[in-house]
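To begin, one chain is listed below as structure tokens, in the form predicted on its own.
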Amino acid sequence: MTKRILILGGGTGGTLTANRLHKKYRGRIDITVVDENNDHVYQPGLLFVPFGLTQSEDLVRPRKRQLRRGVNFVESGVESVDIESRAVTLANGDVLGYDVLVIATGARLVPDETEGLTGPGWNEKVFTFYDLEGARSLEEALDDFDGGRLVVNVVDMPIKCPVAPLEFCFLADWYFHERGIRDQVELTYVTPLDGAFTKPRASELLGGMLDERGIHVITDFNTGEVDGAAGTIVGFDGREVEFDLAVVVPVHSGAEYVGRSPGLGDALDFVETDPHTLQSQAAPEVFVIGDAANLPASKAGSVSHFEGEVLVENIVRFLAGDELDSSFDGHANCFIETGFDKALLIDFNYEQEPVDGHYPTAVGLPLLKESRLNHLGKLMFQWFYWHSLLPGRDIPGIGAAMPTAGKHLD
């Protein structure tokens, strides 16, 4: 009987997994991808929409067209997963069985978790750029903004692309300089972290860069309420931050169906996952990739890319009854756009924080250093995403494990 691999989620992780598995098995196995819609959004591009640096329609392509011929695509939401009977009930009422289930439904925004966030002022003076609608609305708001207090607020962690709010601050600094009104704008970054970023060395560097650009940083701020009418963000400790325009990164959680599926996820609807094999802790035949997992790794597209190599190998091993590969090390890298046609690059894993040097070898891109080369690398990543990452192609010299060549390790 033909084995069935069911993949929930047609985003980055689900698409590259399906394509890698199809290439591996060449039609000898049934692969089905389920997603609630057919719009695949290039999420790193959302950052550029508010500043008029890209058009939102250029970021969206049909999910089905990103899948190799022979991979089935079902457009439906997911109602629940029954891990005991190995069956998934879809929102349309259909029930799909599986031999291997891959959870790849990512993280979702839950702005309603924050008091007042979606109340008066939402998409008028309070925005997010973490979805298409919000990014488009924010573009119009920034175009009309002639000065005042602009606050960028991360409500809580974890979030998709943890560097994106910092990038927004840097691009806002550039944007207002370009418009000749930077001296009329007070920029503030409000974060629940004790610094600009999670990794100490990178946090120190990025915090210094924010300070150099006159961007005020408020740390250890746990947002309790956003009052759009009054123009204030209120912390649980009583601190208030006033704004004329607020850019908020809402609370994130896993997919709703995870919470409706007994034993599948944690309190935030993320799936508890082995950090090295990517096998779920819910059931041996369930694997997880990308933002849906509760791993101590960044929720970023690069992580899904690096996970994909190990994940597919482990699905093959599982179906063959072999021991799993436990080599995934939490490898992540991120281009951080810093404005004025420059960016820096960080590369790290579970154990190793970002250091300087070069990536992926001693003659590669500079690490922890602003450069135009890194800026070009970030822009080129969009082509790489559609033509290499999603199709599941192996990139010579760039594997799942974090490289040490070229790094100035302590």
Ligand SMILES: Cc1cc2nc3c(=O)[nH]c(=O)nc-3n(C[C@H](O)[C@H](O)[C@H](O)COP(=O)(O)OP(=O)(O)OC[C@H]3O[C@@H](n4cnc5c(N)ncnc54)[C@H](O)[C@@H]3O)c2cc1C
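In this text, all values refer to a predicted model and were calculated from it rather than measured experimentally. All residue numbers are counted from 1 along the displayed sequence.
The same protein has a further form, the form predicted in complex with the named molecule, not shown here; the description that follows concerns it.
- The chain is drawn here without the named molecule; in the predicted complex, the stretch among 183 to 191, 198 to 206, 73 to 81, 149 to 157 whose residues come within 4.5 Å of it by any heavy atom is 73 to 81.
- Using a 4.5 Å heavy atom cutoff, Cys161, Gly301 and Ser304 all lie near the named molecule in the predicted complex.
- For the options Gly134, Gly116, Gly121, Gly106, the residue carrying a heavy atom within 4.5 angstroms of the named molecule in the predicted complex is Gly106.
- With the partner removed from view, the residue among Val34, Ile31, Ala343, Ile346 that has a non-hydrogen atom within 4.5 Å of the named molecule in the predicted complex turns out to be Val34.
- The closest non-hydrogen atom of Tyr175 lies beyond 4.5 Å of the named molecule in the predicted complex.
- When the named molecule is considered in the predicted complex, Ile289 lines it closely, a heavy atom lying within 4.5 Å.
- Taking non-hydrogen atoms only, Gln66 never approaches the named molecule to within 4.5 angstroms in the predicted complex.
- Although the partner is absent here, Asn374 sits far enough away that none of its heavy atoms falls within 4.5 Å of the named molecule in the predicted complex.
- Residues from 240 to 259 that approach the named molecule in the predicted complex with a non-hydrogen atom closer than or equal to 4.5 Å are Ala255, Tyr257, in the order they occur in the chain.
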